[in-house]
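Just the one chain here, the form predicted on its own, laid out as structure tokens.
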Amino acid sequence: MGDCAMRTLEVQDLKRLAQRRVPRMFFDYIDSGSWTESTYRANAGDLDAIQFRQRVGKQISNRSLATEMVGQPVSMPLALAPTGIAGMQWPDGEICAARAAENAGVPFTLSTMSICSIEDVAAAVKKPFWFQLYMMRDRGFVASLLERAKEAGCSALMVTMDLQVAGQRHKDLRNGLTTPPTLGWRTFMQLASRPGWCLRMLGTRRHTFGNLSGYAPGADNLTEMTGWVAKQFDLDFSWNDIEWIRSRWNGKLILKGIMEPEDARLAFASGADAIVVSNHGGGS
């Protein structure tokens, strides 16, 4: 067993390892929430309070976690959630995660705001993956994302419902987070403290938002692309838009960000096959 494997026995070990390897701006992007981070902290406490029932005297020699999720066989009832800019945590991070999920027999969900594109991931795995969609004002661009997901053979579409207005993320503002990093004194100091990360990132050509680059207006210019994305979140997003998506997507449809029973009923009435109970990790 290697030294790294010896150190990574639980999630906290992985967190400490990432903190040592990844520039602070990208580590804080993953390990933070919006505004005062009260929801982010409450999530962990609420999950810790959930207890499993313990039954005994049961035959377990043939135990199995295998089941189905949205009609897809899985090794356990678990899926990798969409995570933005994972490719800045590690070079080609989305491809690495998709391969790991494939090997483990669980679904992987690619974020719209990923570094590796839909096509990059599709070329790297053998089994279909899920694609997460943000509903944007530019319906033509949304339609093009849906077509690309179809062509890539994505087996499910996960639409994020809870990000019409993005919450202010204080750590991102303080760290000057950009993708790729904009070279300034503060950024230079962060990168200089992580030379291993810098060397690894030089080994990949993927340093910006892969699903936007070459497709979205101004996507090859960081400043223009950031401004375009900020204007794309649609305050008029409604259940009618889910019906619009359903009419263009004939595969499995998952709605993410559902927190109320009434919204769950509306989700299934609008044609959803499943929902994800989520508050965006307290980050939106």
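Residue numbers run from 1 along the displayed sequence. On a predicted model such as this, the values are computed, not experimentally measured, just so you know.
Heads up, the form predicted in complex with a small molecule isn't pictured, but that's what we're talking about next.
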Check your understanding: Does A81 reach the small molecule in the predicted complex if we count a contact as any heavy atom within 4.5 Å?
Key -> yes
Review point. Might M69 be said to contact the small molecule in the predicted complex, defining contact as any heavy atom within 4.5 Å?
Key: no
Review point. Might I30 be said to contact the small molecule in the predicted complex, defining contact as any heavy atom within 4.5 Å?
Key: yes
Review point. Heavy atom to heavy atom, is Y134 within 4.5 Å of the small molecule in the predicted complex?
Key: yes
Check your understanding: Counting only non-hydrogen atoms, which stretch in 83-91, 139-147, 195-203, 118-126 is within 4.5 Å of the small molecule in the predicted complex?
Key -> 83-91
Review point. Would the small molecule in the predicted complex be within 4.5 angstroms of a non-hydrogen atom of every residue among S34, T36 and G176?
Key: no
